[in-house]
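Just one chain follows, in the form predicted on its own, and it is written as structure tokens.
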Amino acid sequence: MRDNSSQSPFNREQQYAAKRKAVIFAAGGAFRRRGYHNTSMVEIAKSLGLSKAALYYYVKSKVEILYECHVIVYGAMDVCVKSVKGQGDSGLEKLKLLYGEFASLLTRDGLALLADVDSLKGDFQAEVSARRGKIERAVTRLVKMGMADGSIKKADPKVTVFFLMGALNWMNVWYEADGRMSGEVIAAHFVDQMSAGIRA
């Protein structure tokens, strides 16, 4: 009997979803390297070997790509937050685990913490801001915990979180997957530098 499973609607949906995700990741990489406003849909299509019309089959607009890039990275960071829950004996140890997961994520999966939230409008901006706020609150809880248990030096928690997340954002500018250091080594350096800067 002939196997027609490859032609099933479910399989076509999987293929579409996989291709759409590849488009979003490729565009996110271009936004990271050249900036959102300096990257055109034509350039994105060309980098993927697609026509502009084919690109619009997967995404409706450049702003939709930007929105999806944010959703993907904050969704992945949510998973990191859950993965370290219950681990670590102090606020600093918990924060080191989470920060290491964040740094590994950004060097391993081609994701980028993009700064162009203001380029989003309406519901897109509201959802991305809410997701970012959720991650920042998770980090703030660990910072406050460390300050309370004496493992993190006393300071303004919000400024400390901006310092930590700003360092991750800056990674977008200089990190290259084929650079002289692996993502694992860079993540370890980030954890060491972070903890040295805030340890009590």
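In this text, residue numbers run from 1 along the sequence as written. Everything numeric in this text was worked out from a predicted model, so none of it was measured.
Note that the form predicted in complex with the DNA isn't included here; everything after this is about it.
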From the candidate stretches 157 to 165, 66 to 74, 44 to 52, 136 to 144, select the single one in contact with the DNA in the predicted complex, where contact means a heavy atom within 4.5 Å.
44 to 52
Taking heavy atoms and a 4.5 Å cut-off, does residue 62 contact the DNA in the predicted complex?
yes
Just checking whether residue 189 would be counted as a contact of the DNA in the predicted complex - the rule being heavy atoms within 4.5 angstroms.
no
Using the partner position in the predicted complex, report whether residue 39 sits within 4.5 Å of the DNA, counting heavy atoms only.
yes
Is residue 19 part of the interface with the DNA in the predicted complex - any heavy atom within 4.5 Å?
yes
Scan 124 to 140 and write down, in order along the chain, each residue with a heavy atom lying within 4.5 Å of the DNA in the predicted complex.
none
